[in-house]
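Next up: a single chain in structure tokens, the form predicted alone.
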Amino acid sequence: MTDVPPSPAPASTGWVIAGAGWVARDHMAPALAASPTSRVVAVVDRDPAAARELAARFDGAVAGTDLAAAFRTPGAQVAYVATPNHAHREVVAAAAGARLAVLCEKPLAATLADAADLVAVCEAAGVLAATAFDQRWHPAHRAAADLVAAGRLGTVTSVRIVYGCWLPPDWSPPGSTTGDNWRVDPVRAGGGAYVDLAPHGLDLVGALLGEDVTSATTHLQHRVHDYAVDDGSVLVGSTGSGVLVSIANSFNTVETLPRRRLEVVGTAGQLVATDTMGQTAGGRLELLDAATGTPAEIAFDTGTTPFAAQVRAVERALAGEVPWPFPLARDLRLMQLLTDALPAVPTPRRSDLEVSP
């Protein structure tokens, strides 16, 4: 009897995590740890304790505060950038300068100018560079895109997205004791609910339809939380072919209430996804038949998180298995659209509207 040689282990991609905050710690790190094709070689953060704590989850990963040193770690191939928005440009430039591929959290930067510089640096370096729009990779959203592409909805007429959460001024990420809510800091974040959440919806429309929103207008809200940035927004726009789009986002929706819903409406049917907008796996996807109104549940992979699917997509593109479908220049155009859609006159803050007795 001839022994059968064991199958070779899958090739492993070396990742550097830049920024050891909540999203990296609770969502990206588990995706990397569970992937048979990934290994974390380094974690870098301005807080050495945070870097050490996250690096300790991965065998052989080094921790530090020096970007250049982290990006020179042997085996490093991809930098996952999860710092506050205002620091993205510096970190991405250092990664691209070290010839690493880049996966940068959204938005690309706190300002449009920084985002444009970031894109230019990556293009000049010739590295694979992507925005971490994890929602484009959620298995439910990939299934929805396939149904749209197959013509199951007929002529698509509208896309409606609701994506909200509760983010009071003193909010801290789970497991954090710092109380530093940088997401409502206008300098570090660049905005509030609109800047944090609307980019996901705008990107997702393009991923679902195969065409992007080309014109839009936005209303901002300062209704519940008294901080310097908006706590709610609604963007209304259309694609080049005339699909109408509405994207409602909030930092002021109590989390016991329904707050995550996606609808794609067509002449032959309507897709409804609930609890798929977010970082976790699962949710529900239904297709309603236009002739009968009868809903049918659409099966999809409910065990894979959008972060895990995103990791695999980046690694496949880096290996040359498939081309990366979302150029960074396209993501910059969407950021420009988001900026241009803002009202010319700032919306008053809640405290500005209150009258003392």
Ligand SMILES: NC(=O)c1ccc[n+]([C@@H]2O[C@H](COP(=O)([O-])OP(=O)(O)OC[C@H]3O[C@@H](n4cnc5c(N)ncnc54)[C@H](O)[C@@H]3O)[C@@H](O)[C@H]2O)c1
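Not measured: the values here are computed from a predicted model. Note that residue numbering follows the sequence shown and begins at 1.
What follows is about the form predicted together with the ligand, which we do not show.
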| task | Mind telling me which stretch in 323-331, 285-293, 41-49, 55-63 gets its heavy atoms within 4.5 Å of the ligand in the model of the complex? | result | 41-49
| Of A96, V148, L235, A132, the one that lies within 4.5 Å of the ligand in the model of the complex (heavy atoms) | A132
| Proximity to the ligand in the model of the complex, single hit among D185, D196, D114, D203 (heavy atom within 4.5 Å) | D196
| task | Look up in the model of the complex whether Q279 has a non-hydrogen atom within 4.5 angstroms of the ligand, and give yes or no. | result | yes
| query | Does the ligand come within 4.5 Å of any heavy atom of K106 in the model of the complex? | reply | yes
| Is there any non-hydrogen atom of V23 lying within 4.5 Å of the ligand in the model of the complex? | yes
| request: Indicate whether E90 is a 4.5 Å heavy atom neighbour of the ligand in the model of the complex. | output: yes
